[in-house]
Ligand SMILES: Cc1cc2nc3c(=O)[nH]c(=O)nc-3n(C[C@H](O)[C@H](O)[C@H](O)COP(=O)(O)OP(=O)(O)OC[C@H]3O[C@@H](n4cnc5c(N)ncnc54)[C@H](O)[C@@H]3O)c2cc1C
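Before any questions on binding or motion, here is one chain by itself as structure tokens, the form predicted alone.
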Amino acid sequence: MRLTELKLPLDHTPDHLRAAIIKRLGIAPDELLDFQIYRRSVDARKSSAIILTYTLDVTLKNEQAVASRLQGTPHIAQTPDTRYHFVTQAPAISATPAQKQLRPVVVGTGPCGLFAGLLLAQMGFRPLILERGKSVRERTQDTWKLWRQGILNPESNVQFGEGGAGTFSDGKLYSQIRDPEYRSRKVLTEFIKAGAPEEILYVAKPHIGTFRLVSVVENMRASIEALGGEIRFQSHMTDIQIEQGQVRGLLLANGEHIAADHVILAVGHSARDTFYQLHARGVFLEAKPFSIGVRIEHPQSLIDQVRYGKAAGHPVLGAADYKLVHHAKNARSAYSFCMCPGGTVVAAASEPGRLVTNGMSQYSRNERNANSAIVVGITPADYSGGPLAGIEYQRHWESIAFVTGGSNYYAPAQRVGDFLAQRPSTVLGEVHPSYTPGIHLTDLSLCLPEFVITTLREALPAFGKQIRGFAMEDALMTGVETRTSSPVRITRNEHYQSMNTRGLFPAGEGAGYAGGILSAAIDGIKVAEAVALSLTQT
């Protein structure tokens, strides 16, 4: 049976939880055989009385009798089947691979590509997975070179390499997308098999963190290879062969041609050269909205105190987060994005001469600062040009930020007090920057569109009314954040294939169909299912 909305105070014990279950069901203690936590969330709306809310699956001695007695009782129901079923239900999949000469190809090893490849491997299709960057540990070394020495490798960085951009992030594993097929449970279960903590299955806002993600990604690669899949690193796709509207193959930077008639494109939101290649080959693309802005840092202790009051620092709560939005007078909206409790602001550039910021946390979330992006929405109406114009818009502001920061991958930064007073910053205050290789204090109004600056100047004081101290003088803003999502959508039809190119399956963030690790992984599963069905029907 499933119990929902079971509320207990923050400092309850396992015995208290067991007693609450027994009381809710009206049963004797010996009738409760076992229980599992399906979901646990924190209700901190009253910081003086924080509550944990549980959804639980229970096993009882006389389950049918109890179920009959409690039929129709609120928050008590039969436990639904939350297992992922597609693999076992797909017809004749196990026999198909031997009949096909061409293996399905996956381009990209971010969350979308990894899960697409894993699912295809689990169904026996032996996918070939291509990654332009390096393996996750080699890639980590290249990333540290940018952070410590200001040396960028355009093919191996925060954006490109095994694990995708999500590897250098907070490792958040939650999403607001609808998921009636429980693909998210499939994703979380596979992560746990690969070494992620088991709590990600039940905490309301699960995360893994960068260092743990490295080993998780490596273990997933090993699973794919054990099932007959193949992953090739430093294999940069430079062209796609299309004949009469059908994918026929891929060309790599080393001159190799790979014949393929089923290609999953999971290239991420920063594969700008790939978007240009597709456009040149006539693949249907369209511009889509995205957002740009800055990273803002506060002392994590401030956020903890405001959100949790006297309970700040409680081990069950961990570092506090926030979610903010403000609708400005200019009809624009500013909002927080990718909030990283106890984290750092990181250099996320992938192109020489351009500067990009992002946020990252480790599993412990114990760094001194909290950070998040504070961004403003951009639509294709804000820039002129075809489907690729959003890329050039991003590049424009990234180039300005690079020069403003000193042309050495130092990031332009400004104290919030100075930003609101419309004066350049010259000295730091209480908040010390976490961004490396370093910052250059300046005037951030030089680095962003005027309407973004106007919106942020209105939004920050409004956010200060929601979170006391958010607009503090010494909070630090670091620019620029431009890669919130892909500026391009590789539009697909109801069969998850390109609108005008058969056999091409755009997927994940780069295709404009996901945002974040979990939604990208789920989209990878959906597209792998579509490829499997296509292979069994042809």
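Since this is a predicted model, take the numbers as computed values, not measurements. When you see a residue number, it is the position in the sequence shown, counting from 1.
Note that the form predicted in complex with the named molecule isn't included here; everything after this is about it.
Listed residues 104, 293, 268, 343 were compared with the named molecule in the predicted complex; 268 is the one with a heavy atom within 4.5 Å.
None of 231, 338, 123, 374 but one reaches within 4.5 angstroms of the named molecule in the predicted complex through a heavy atom, and that residue is 338. In the predicted complex, the named molecule sits beyond 4.5 Å of every heavy atom of residue 262. In the predicted complex, the named molecule stays beyond 4.5 Å of every heavy atom belonging to residue 240. Remark: residue 528 does not count among the residues lining the named molecule in the predicted complex, judged by a heavy atom distance of 4.5 Å or less.
Interface residue remark: residue 326 is not counted as part of the site for the named molecule in the predicted complex, having no heavy atom within 4.5 Å.
Look at 105 to 113, 425 to 433, 402 to 410, 388 to 396: in the predicted complex, residues with non-hydrogen atoms within 4.5 angstroms of the named molecule sit in 105 to 113. The partner is not shown here, but in the predicted complex the stretch 230 to 262 reaches within 4.5 angstroms of the named molecule through a heavy atom at 235, 236, 237.
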